[in-house]
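There is one chain below, alone, in structure tokens, taken in the form predicted on its own.
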Amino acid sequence: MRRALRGGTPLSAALLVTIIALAPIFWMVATSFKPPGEYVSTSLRLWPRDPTLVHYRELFAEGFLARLWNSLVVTAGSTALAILAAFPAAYALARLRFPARLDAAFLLLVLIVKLLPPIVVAVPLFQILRGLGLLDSLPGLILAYQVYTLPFAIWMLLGFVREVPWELEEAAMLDGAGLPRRLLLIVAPVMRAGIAATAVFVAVLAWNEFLFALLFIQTPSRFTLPVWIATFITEDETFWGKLMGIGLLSSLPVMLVVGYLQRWLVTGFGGTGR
């Protein structure tokens, strides 16, 4: 009896935590299928009495796919640019010797930039993008996102680069491999799990970013999903059905990517996958 209680207590706690975690998601899904008159009702119902797809039809009719494409382009571009720039930067900080603690100063500067409130750098970025002719464009938004995605990627990749054995590079150097070849054929494959884990976190940051997208994109057809979602909350009304529907639809790509790369995430944080 005691063994059953001891064995059941962790299971009950895990079940309770799972229910608490999934309850908001279930409520979001249920509300997205409720007709307008039902989700504002005072009666509490876990599932709609008359399920409807009207909110989803309206979302697709109003341009959900176009905004989804904008978010995908910005997220993929921001992630690729951040990883491509952060990988050699992290390698240099981990392997090369800098005079007068220049590497520590650079890391401190990266950390300070990451911790700055977004609004602090919004005005300078606005002027830079306008000068480059990239204001109100997706490439400009991708470039602006590097202010936060790049420092984050450098900090994450730095730890993974340090875990790559230097002996592997020494052996490649004896065979005549230069730095670019070592990076592509030795370092990158060994830390591929860490690169994948970093890419996932950078992608989530870019996918959820709101302030820069709101400030730098003025054309409604170029809105990303977070900015478009904000348009469903007005002074006169909050469109709860659409909000819940777009909340579910915008979460699916992230959940699919994270679910697909789950093994890489676990391996990345458990080591470099050697």
Partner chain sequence: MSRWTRLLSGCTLVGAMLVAGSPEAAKLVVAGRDGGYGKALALAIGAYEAANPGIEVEQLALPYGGLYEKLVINLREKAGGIDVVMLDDTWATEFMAKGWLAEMGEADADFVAPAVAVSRYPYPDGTLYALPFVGNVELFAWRRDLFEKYGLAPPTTWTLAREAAAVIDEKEEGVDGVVFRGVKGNPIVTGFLPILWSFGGRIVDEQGAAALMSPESLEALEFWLSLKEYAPEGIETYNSSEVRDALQQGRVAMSIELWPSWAPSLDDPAVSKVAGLVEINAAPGEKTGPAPMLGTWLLGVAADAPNAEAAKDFVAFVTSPEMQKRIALEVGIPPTRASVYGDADVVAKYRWYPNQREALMNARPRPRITQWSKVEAILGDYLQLALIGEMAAKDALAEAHARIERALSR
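Positions refer to the first chain, counted from 1. Since the structure is predicted, the reported quantities are computational estimates derived from the model, not experimental observations.
The same protein has a further form, the form predicted in complex with the partner chain, not shown here; the description that follows concerns it.
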Should Leu215 be counted as a contact of the partner chain in the predicted bound form, where contact means heavy atoms within 4.5 Å? yes
Glu62, heavy atom within 4.5 angstroms of the partner chain in the predicted bound form: no
Taking heavy atoms and a 4.5 Å cut-off, does Pro139 contact the partner chain in the predicted bound form? yes
Applying a 4.5 Å heavy atom distance criterion, does Ala172 contact the partner chain in the predicted bound form? no
Taking the partner chain in the predicted bound form, which residues of 192-223 have any heavy atom within 4.5 Å of it? Arg192, Ile195, Ala196, Leu214, Leu215, Ile217, Gln218, Thr219, Pro220, Ser221, Arg222, Phe223
